[in-house]
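A lone chain, given as structure tokens: the form predicted alone.
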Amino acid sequence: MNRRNFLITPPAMALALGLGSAPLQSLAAPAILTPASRILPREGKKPRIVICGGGWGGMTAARYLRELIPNSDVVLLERNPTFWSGPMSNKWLIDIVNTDFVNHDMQRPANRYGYTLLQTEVTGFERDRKLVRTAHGLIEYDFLILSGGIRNAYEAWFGNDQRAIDHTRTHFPSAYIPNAEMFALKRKVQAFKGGTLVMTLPPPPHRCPPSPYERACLIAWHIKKNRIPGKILILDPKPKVAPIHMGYQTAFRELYPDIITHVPNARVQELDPFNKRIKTSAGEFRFDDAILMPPHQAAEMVWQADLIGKDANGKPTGWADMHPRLFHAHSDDSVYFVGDLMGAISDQFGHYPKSGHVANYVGRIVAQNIAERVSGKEVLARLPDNLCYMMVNAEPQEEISVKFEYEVDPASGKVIQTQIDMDVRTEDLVKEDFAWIKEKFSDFLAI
């Protein structure tokens, strides 16, 4: 095995101890690793870039850093043993695609592109010493990329009531953080026998803005196909369906008029998960089952790094405090942000869509920015774009889509957004969707 590319788990370390195999030797670690041990010692003066989070953005950044800085030492830290794709996961819920389509080996791209993959939990940072704390020990860096996605902010509903949080997570999973909850949600959909299924939507900004509506449509198709006496109640904190307003409204009305009810301005005020009761700004509701999606915030690692932004009143924004054009932390330009945890970009539209497409694009941009810094060149500010496809009918398979384009306003110098909705559902968009995902997976998964 290439000495740079290995997956460390506790069993793997035990095996290495017993056999004196290459993985342990490449670590040059003490016989007993502790959180205070230094692991992955530096080799010469190569620039070391550590990436925390092996999703769409983190894996993309790892690939392009190795291409753009061939002598770089790139280390990717990920707690999950495999990659799970959020994009396409709604289709997986109703078996449009199988598990192998969304679940992939992470070692293959690490071997292909030449970066080090370490399966471990990130537990904190010592930014003054440029160290990442992990469950396996301390890792040094020159540049750090945080790409850990989101956290579910259940405390917005329950405060410090851990019993209510645990019950909600266990019985009514949101399934917006891979991957155990995805299987729990799929079992829930398959076991649903009828009644009212409530879906709460997170307030903006949240992960993949149009995807909760796609999830509702595909579960509604499942209900319709199997003649289940059930209804879906979408409790939406926004005043209307957005984005792709007309496309979804038409699908609700034409395909699922007796199944889906969309309730706007329904921000959660009180939730009793034990008695299946919810109070919102649009009224009170009872449910037989639910998919309860709480507000989203930046991943725990951004809080651990003390890099959460603050609003005008000094309260946490919940998202990374970052330069809107160069993607590094305002207070520490050796730390970059990629993906859903990123902070606001513009007062015109707020955040870039928290999507796989944007994470992939920004992963490449950040790799270019770091490469320019390492080579002493001027760092150029670049803009991403975004594209989302959403299936609303499974027989026949039909999709709608939305595109976001960005440019810099010459008068204000601010980034502005143009949204283009493709509201007419077609089979052609399904073909485009699968071509898009194939291209993206090829880009960072080496498949």
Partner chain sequence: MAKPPRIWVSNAKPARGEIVRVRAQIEHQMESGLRSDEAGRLRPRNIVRKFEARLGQTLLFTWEPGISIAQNPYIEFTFAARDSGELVMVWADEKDPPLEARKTITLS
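The structure displayed is predicted, hence computed values, not measured ones. Residue numbers count along the first chain shown, from 1.
Just so you know, the form predicted in complex with the partner chain exists too; it's not on screen, but the next bit is about it.
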Next item on the list: State the residue from Leu383, Met422, Leu68, Ile39 whose non-hydrogen atoms include one within 4.5 Å of the partner chain in the predicted bound form.
Entry: Met422
Check: Within 4.5 Å of the partner chain in the predicted bound form, do we find a heavy atom from each of Ile139, Gln304 and Asp306?
Finding: no
Margin query: I need the one stretch from 57-65, 375-383, 397-405, 42-50 whose residues put non-hydrogen atoms within 4.5 angstroms of the partner chain in the predicted bound form.
Written below: 397-405
Check: Should Glu439 be counted as a contact of the partner chain in the predicted bound form, where contact means heavy atoms within 4.5 Å?
Finding: no
Notebook entry, point to check: Looking at the partner-bound form in the predicted bound form, is Ser346 within 4.5 Å of the partner chain by any heavy atom?
Noted result: no
Next item on the list: Answer for Gly413 alone: is it within 4.5 Å of the partner chain in the predicted bound form, judged on heavy atom distances?
Entry: no
Note to self: in the predicted bound form, is there a heavy atom of the partner chain that lies within 4.5 Å of any heavy atom of Ser211, even though the partner is absent here?
What the structure shows: no
